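As a starting point, one isolated chain is supplied in C-alpha cells, in the form predicted on its own.
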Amino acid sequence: MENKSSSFANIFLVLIFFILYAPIFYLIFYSFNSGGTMSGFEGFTFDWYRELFQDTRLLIIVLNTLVIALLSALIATIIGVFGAISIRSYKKRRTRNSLLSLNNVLIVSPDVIIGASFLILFTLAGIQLGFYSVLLSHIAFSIPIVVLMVLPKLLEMSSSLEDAARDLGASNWNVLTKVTLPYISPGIFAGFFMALTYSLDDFAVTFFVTGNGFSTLSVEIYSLARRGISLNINALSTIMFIVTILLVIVYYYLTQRSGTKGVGLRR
C-alpha cells in the first residue's frame, strides 16, 4: 500500500514539474529557431542571440539591471545583517517573534500592493522616478529576505562564543567582525544571492517605480512582448533563466555548506 502511495506521489510530482517547466523549455527551444516564429521549428540558429547582443539599447538595460541588482543586494545585505542582529538582541521571545512577523509580512505581501505603495511614497516625497526610485524599492523588498536568511544562523550560534571573546578582552567591534560575522557568513552569502535573484527577476514593483527612460530587463521583456512575438524575447528570457538558475545553485550550495558546518560544530 505504501509503495502504491509513493509511486502515485512521484508521478504527481513529475506531472507538476512538467507543467511548470514545459513552457520555459518550449520558449528556450524556439529561441534557436531560424524560422522566426513559434509555430514550426525550421532550423537551428544563434541569429537571435547575435541580434540581441548587437542591440546597444538592450545592453544598456542589461547593465542597468545588473547595477541595480548588485547595489540593492549589497546594501540590503548590510542593513539586513544588522537588522537580524537587532532582532536577536531582544531577550523576550514575544518581542522577537513580533518583529519577525512584521518582517515576514513584507515578504508575503502582493508585489502589486508594494509597488503601488512605493509609487505613492515617491510621488508624495517628490522623488523622481528612475534609477534611484528603483534602487530604493529593490533595497526595501530585499531587506526582509536577508533577515530571514541570516537570523536562523544567529539563533543557532551560542552566546557563549561572544561572551568568551569579551572575557578575553575583545571589544564589541572585534566580537562582531571576528566572531559573529564569520559564523553567520553562509547565511549572509545566501541572503545576498537571494536578494540578487529577487532583484533580477522582479517585475511588478519595478513596473510601478520606473520612469524617465530608465528600464530593467523584466520591464523591457514585458514591453517587447506587448508589441508581438519576437524570438529576441525568447533569447533574452533564456539568458535570464540561465542566470537565475546559476544563482539558485550557488544559493543551495551555500545552504548545504552552512548545514554541514552546523553539524560539525554540534559534534
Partner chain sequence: MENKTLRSLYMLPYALWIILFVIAPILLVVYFSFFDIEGNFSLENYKNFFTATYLQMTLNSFWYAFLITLFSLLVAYPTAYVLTRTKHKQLWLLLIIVPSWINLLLKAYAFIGIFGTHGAANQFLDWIGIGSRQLLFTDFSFVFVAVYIFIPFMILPIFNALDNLNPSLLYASKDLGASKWTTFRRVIFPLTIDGVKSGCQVVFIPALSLFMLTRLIAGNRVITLGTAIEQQFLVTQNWGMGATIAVFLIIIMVGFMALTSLRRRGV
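This structure is a prediction, so every number in the text was calculated from the model and none was measured. Positions refer to the first chain, counted from 1. In this text, the rigid core denotes the largest set of C-alpha atoms whose superposition between the two forms falls within 1.5 Å.
We do not show the form predicted in complex with its partner chain, though everything after this point is about it.
Contact with its partner chain in the predicted bound form, judged by any heavy atom within 4.5 Å, is made by just one of 113, 71, 164, 155: 113. The closest non-hydrogen atom of residue 204 lies within 4.5 Å of its partner chain in the predicted bound form. The closest heavy atom approach of residue 89 to its partner chain in the predicted bound form falls within 4.5 Å. In the predicted bound form, at least one heavy atom of residue 225 sits within 4.5 Å of a heavy atom of its partner chain. The closest non-hydrogen atom of residue 33 lies beyond 4.5 Å of its partner chain in the predicted bound form. Shown without its partner, the chain has 122, 123, 124, 136 in segment 122 to 136 as residues with a non-hydrogen atom within 4.5 angstroms of its partner chain in the predicted bound form. Comparing the forms between the shown form and the other one, the C-alpha position of residue 52 differs by less than 2 angstroms, with the core used for superposition.
Relative to the superposed rigid core, residue 61 undergoes a CA displacement smaller than 2 Å between the shown form and the other one. Once both forms are fitted on their rigid core, the CA atom of residue 241 lies 2 Å or more apart between the shown form and the other one.
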